[in-house]
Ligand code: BGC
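Just the one chain here, laid out as structure tokens, in the form predicted on its own.
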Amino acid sequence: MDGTDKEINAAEYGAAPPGYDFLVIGHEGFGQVEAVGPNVTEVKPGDYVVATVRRPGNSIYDLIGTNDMTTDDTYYERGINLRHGYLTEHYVDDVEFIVKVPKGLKHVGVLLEPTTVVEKGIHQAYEIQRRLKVWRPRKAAVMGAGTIGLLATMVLRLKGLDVTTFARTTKPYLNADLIEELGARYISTKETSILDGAKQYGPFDLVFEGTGNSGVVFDSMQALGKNGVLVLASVTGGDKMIQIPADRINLEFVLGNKVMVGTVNANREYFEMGVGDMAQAEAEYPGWLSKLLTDPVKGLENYSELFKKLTSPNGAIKVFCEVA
């Protein structure tokens, strides 16, 4: 579970499927196949799997299998909008949306869905920069040290980049320790601002922003180097107003050939990328992924405990339910 589930539970967004007056939440699923149809050959009973989240709509992007890039006003996401989720003992889905997870990752398989958010954003940055022919990023920044920030730091380190991760909390801090275990550096913005950190360790070729704080986006824009890409993964609500040096930011983006791109959700391609990177992480940083699974809750009957942990001030990284 993550902040999305908390916000849906607070009725901030999300809608029940047609014919229902409730929505089953849970978009970060992991389970084991119990039965398959007679024409299914991709998976078999006993396999470990994760189901994707976004389901097809009617746009051309949906029709070619990139449901995550839909231009439809109405979108369908299991556990989020108009489709039931996975916080259940059993669910059924088309094999097209089922991704096999190796047995060696079964203890961390629940982390695959959030990893795909990171995979998509970073892959899109590289795809965009194919325009430059020889783009070889060396320095990256990650804004935020929650689950997404930790996983983004991991993926960027697996690519060999020098990574600086910014977050508010000062040390001692478990998340900071986990970041440094990857060979990245951790900076608390209470001690060093993003702009000062960028002067010391940047400018950054790639910035992955995942704080949920729209104000951080504009600092990230100023921390970005020439020919850099800023990936925005935060879903922000409200009507926050801030003052920014708009002329300077615009000028630097134009003269520096900079790019800013939004990313949301992921399709099957990024789930498969996530499996590969999680396997590589287990080899290069043994046991690191398991340390993110800080707050298990046993049994669906204890669902209220999940939400208590999500809102706890004790700093849970990943809250998850062991259904069976």
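Computed from a prediction, not measured in an experiment: that's the story for all the values here. Heads up: residue numbers just count along the shown sequence, starting at 1.
Keep in mind the form predicted together with this ligand is missing from the figure; the text below concerns it.
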Open item on the list: Which residue, 219, 162, 77, 93, is the contact with this ligand in the predicted bound form, using a 4.5 Å heavy atom cutoff?
Closed with: 77
TODO: State the residue from 294, 66, 59, 265 whose non-hydrogen atoms include one within 4.5 Å of this ligand in the predicted bound form.
DONE: 265
- [ ] Determine which one of 224 to 232, 202 to 210, 110 to 118, 246 to 254 lies within 4.5 Å of this ligand in the predicted bound form, judging by heavy atom distances; exactly one does.
- [x] 110 to 118
Open item on the list: Against this ligand in the predicted bound form, would residue 20 count as a contact residue? Criterion: heavy atoms within 4.5 Å.
Closed with: no
Open item on the list: in the predicted bound form, does every one of 4, 13 and 27 come within 4.5 Å of this ligand, counting any heavy atom?
Closed with: yes
